[in-house]
Every structure is written in C-alpha cells, then in structure tokens.
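A single chain, nothing else alongside it, follows as structure tokens in the form predicted on its own.
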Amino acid sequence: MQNNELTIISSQDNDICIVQIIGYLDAHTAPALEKEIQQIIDKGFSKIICDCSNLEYISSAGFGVFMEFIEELRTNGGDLKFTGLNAKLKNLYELLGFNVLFEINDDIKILKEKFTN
C-alpha cells in the first residue's frame, strides 16, 4: 500500500454498520470516506462503528469527515464510535478532544452492546 491509499470496507451487523478504515486518511482520501458514510446514512443506518485497526495516518481533513456527520447521526438516534486505534492515534484523538465527543473502545463487542442497550 502506498502512503496515500485508503481502503474502506463496510459491513453490517443487524442495524449497526461497521466501517473498516485502512491506510491513510488525509485531504486526498477523505472524500472517499465522506462518500461512503453518506451512502451508509442514505441506506438508513445511524449506528456506525469505525474500525481503525489498520488506519495508519489521519489528518485534520480526516477528522473533519467524522465531525461532519455526528450531529445527523445523533439526531436520528444513532452515533459514531471508534475501535482499534493504535497508541499514536488514540493519543491524537485525546489531544484533540475526540475522546470527549466520540466513544472509543478497543473492544468492538462492547461498542455493539452499547448500541443495543
């Protein structure tokens, strides 16, 4: 994988959409994620878990994609949660205050349970 590539794999678990974000999320690749999340919302999903286990890099443009959709998801009774952040990315999320805005948990099962409770 080159430094500027992004792969997005979406799957469904009942009414939850799991979005695997693989590679580099920056100004060049952010529109692809934006389009994917919009398509998920257009299909009626409001509960999204972003699996960042294979996310190597994120820029401010990448963070902006998540901020763009959070209000709409929460208005529709859903949310956007994160799992699989490596130590560097987790530190960055905390530094930017994302841990206050978004739920982050290394155990995807716990995030799924919180959506169903």
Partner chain sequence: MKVIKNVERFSHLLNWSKKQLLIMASAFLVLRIIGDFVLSSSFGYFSFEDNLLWKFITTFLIIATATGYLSYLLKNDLKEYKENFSEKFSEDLYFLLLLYVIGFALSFPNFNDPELFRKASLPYYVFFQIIGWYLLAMSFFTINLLFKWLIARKTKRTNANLKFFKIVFALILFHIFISSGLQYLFGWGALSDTTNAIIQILFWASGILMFFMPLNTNWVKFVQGKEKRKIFWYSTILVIFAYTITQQIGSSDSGIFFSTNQIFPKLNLLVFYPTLLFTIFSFRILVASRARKGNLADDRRNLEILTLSNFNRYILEANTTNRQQLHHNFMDAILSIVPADFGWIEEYTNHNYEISYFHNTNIQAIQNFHSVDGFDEFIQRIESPEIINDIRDEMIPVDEFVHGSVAIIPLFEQKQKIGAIVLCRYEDYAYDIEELQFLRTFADNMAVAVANSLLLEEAIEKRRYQMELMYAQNIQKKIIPSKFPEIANYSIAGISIPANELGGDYFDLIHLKGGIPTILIGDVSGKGVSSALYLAELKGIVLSIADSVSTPIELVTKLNAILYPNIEKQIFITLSAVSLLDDSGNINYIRAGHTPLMIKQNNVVRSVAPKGIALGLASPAIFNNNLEDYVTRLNHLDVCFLYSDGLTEMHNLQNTEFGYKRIMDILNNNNFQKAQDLIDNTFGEISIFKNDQKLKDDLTLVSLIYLGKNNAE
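Positions refer to the first chain, counted from 1. The model shown is predicted, which means the values in this text are computed figures rather than measured ones.
Quick note: we don't show the form predicted in complex with its partner chain, though the next part is all about it.
4.5 Å heavy atom contact with its partner chain in the predicted complex for all of I9, L55 and F115:
No residue of the spot touches its partner chain in the predicted complex.
Closest heavy atom of E71 to its partner chain in the predicted complex, within 4.5 Å or not?
Answer yes; at least one heavy atom of E71 falls within 4.5 Å of its partner chain in the predicted complex.
Could you confirm whether M67 comes within 4.5 Å of its partner chain in the predicted complex, counting heavy atoms only?
Yes, contact at 4.5 Å.
Can you work out whether E94 and its partner chain are in contact in the predicted complex, taking contact to mean some heavy atom pair no more than 4.5 Å apart?
Although its partner chain is absent here, E94 would touch it in the predicted complex, with heavy atoms inside 4.5 Å.
Proximity of S60 to its partner chain in the predicted complex, heavy atoms at 4.5 Å
Flag for S60 set to yes.
For the stretch 11 to 34, return the residues whose heavy atoms include at least one within 4.5 Å of its partner chain in the predicted complex, in the order they occur.
Heavy-atom contacts to its partner chain in the predicted complex: only Y24.
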